[in-house]
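Read the single chain below, which is given as structure tokens and is the form predicted on its own.
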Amino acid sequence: MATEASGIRTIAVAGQGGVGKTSISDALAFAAGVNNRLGRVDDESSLFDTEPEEMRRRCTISSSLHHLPWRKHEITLIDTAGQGNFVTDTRFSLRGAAGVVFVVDPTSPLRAESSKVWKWITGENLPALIVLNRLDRAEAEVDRTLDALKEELGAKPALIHLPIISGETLKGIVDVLAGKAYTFEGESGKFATVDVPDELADRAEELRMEITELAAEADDELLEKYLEEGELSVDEVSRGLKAAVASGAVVPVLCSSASLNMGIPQLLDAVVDLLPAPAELPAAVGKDAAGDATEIAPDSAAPFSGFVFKTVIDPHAGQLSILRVMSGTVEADSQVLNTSSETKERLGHLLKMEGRKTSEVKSATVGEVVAVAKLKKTHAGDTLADVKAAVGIRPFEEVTPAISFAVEAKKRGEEDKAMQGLYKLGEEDLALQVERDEESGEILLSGSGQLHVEVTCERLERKYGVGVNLKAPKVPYRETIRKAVKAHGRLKKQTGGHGQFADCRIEVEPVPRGKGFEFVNKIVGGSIPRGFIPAVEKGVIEAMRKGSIVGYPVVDVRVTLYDGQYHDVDSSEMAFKVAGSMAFRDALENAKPALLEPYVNLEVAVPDECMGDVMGDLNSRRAKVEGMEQRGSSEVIKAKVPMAEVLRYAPDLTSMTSGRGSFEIAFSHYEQTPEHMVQKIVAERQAEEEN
């Protein structure tokens, strides 16, 4: 039997890398009794970081799920990535959540990942709690962190806990709402309820009054009572605060130390008391079968719909599609419609993810997260729905990779095996892009950063037995011309019997950048029969595949066929194709050929104090800076840069900004390459061919 919808909480634990998100998740699991010991990342006993690559790096790479019982509620916990190379996975995982526990380290500044994740949270209108972790450290600064949350994230924090510090040691926390304090016994998680320490009483009362006002403002009935009586009960404040959290008007801030296992039961209480059940959220907006907008109410009695937010390829169970039930109730062995691919799917067993293990359930209702094995046409971002009530839910937005590498199999002949393995990894990790470059024949692997791509290759070898080497991809240079010329192509061969004859005259001229190729037929009087003219065009196009400078494709030219000759017996389509190719190659030599290089649009967000270094670096990369704007405490630089200069920009930016910078990149246009760069590129190509 599915859990009652009101007793469900589906929570993502999110934030920048290195703040202790997984440690918080492990502490929550221990407090809820699903683990008989406190899992730790450092000794590889975590319930969540279970992949070899995660254990080795002490870093979450892909989100992991577990279910926790607490006060007759079921909490689905999604532990997400925060490190810059892997944080995009969090964006997708948030679509599986109905609320967020946003973890902050008050001993270190907020980085770009925090701003990015918070932007995704607010963009999805997800209610959130903020947890200040690592308050056991002497350098922790609560007030400075609250200011940063306001100024850099635009959050509306309200402190509902105060840390109890004795000397430099964290002893417990004050619950501002309840007017109580909790002191903890070692790392057991057990605590004693005591009076608020005298030195914190005034601050606690001041905060309680502030929170009472915020709670009253969120509920008209409570506001009326507060204005009349000047006071609200603890339960009433909790009710009003929950409404304020649901609307995004307030983000409660709690205190904890995952390493000392302090403040964890109180965090679980806050998840149950202050974050809404998925069924209490507003209706999602989707599309009906006709493509019109429709509301998808989070009602367990409504027709079923579910959103697939993650794919996991399990070595035993095969492909698992992980979905959040958006409406209705779904049972095992149901037939549903994938409204994204318009195909029917049979749901077999419904599984709950418990780290890397699973447990079977018979049904799931609104807000629950379940996995289904071996769906044939279903991918992350798809909607599954009742066959008789088809709806579509907003799919994922496409991700723009930050870096690309060419992938080369270590063993000859394993290229196809590598490609298939990478495609499967791309099913699990939507921030990866895998494609074969038609021009160079290379397998291109693109991701969020160099570490992201390297870890993918490690997983490829471990899971699919294919070792690969990474190298910088070839920059897709192009060639063009700068001068209009006329050229002549003539083929005449006599070999006994039928010969081969074709003669064509063309004019080749440059066209504006980005216009591509244009073929103009100006033959009059039948000097070349109409049936042979397409063959001339084919010959020209074939010759354009290889330019005269370095051998890159030729673009942005107009070719006009204006005269020629033919022979009644010896002319053929093949002959005119060859003549057209000859004419174009002849034209290239005299038309002042030029090499074009691709430029990209680059947006770089960096802390103010790093601006000088980043700007200097961009100038050294031949960037054309087009503008700057302030976003929070970061400066965003907008520039156009040659692609060749930023193939491996990610590690350099990380080094310059100590990991606090981020960037987005997208193709812009082609420009002529400076002459000194042309000579360098020609020399490199010659060296490649000699090797």
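We number the residues from 1 along the sequence you see. What you see is a predicted model, and the numbers here were worked out from it, not measured in a lab.
Below: the form predicted in complex with a small molecule, not depicted.
Taking the partner from the other structure, the small molecule in the model of the complex has no heavy atom within 4.5 Å of any heavy atom of residue 321. Looking at residue 556, you'd find every heavy atom of it more than 4.5 angstroms from the small molecule in the model of the complex.
Within 4.5 Å of any heavy atom of the small molecule in the model of the complex lies no heavy atom of residue 327. Mapping the unseen interface onto this chain, residue 42 counts among the residues with a heavy atom inside 4.5 Å of the small molecule in the model of the complex. The chain is drawn here without the small molecule; in the model of the complex, the stretch among 519-527, 617-625, 75-83, 149-157 whose residues come within 4.5 Å of it by any heavy atom is 75-83. 257 is the sole member of 571, 581, 257, 358 with a non-hydrogen atom lying within 4.5 angstroms of the small molecule in the model of the complex. This chain is displayed alone, yet in the model of the complex one of 91, 577, 242, 134 has a heavy atom within 4.5 Å of the small molecule; that residue is 134.
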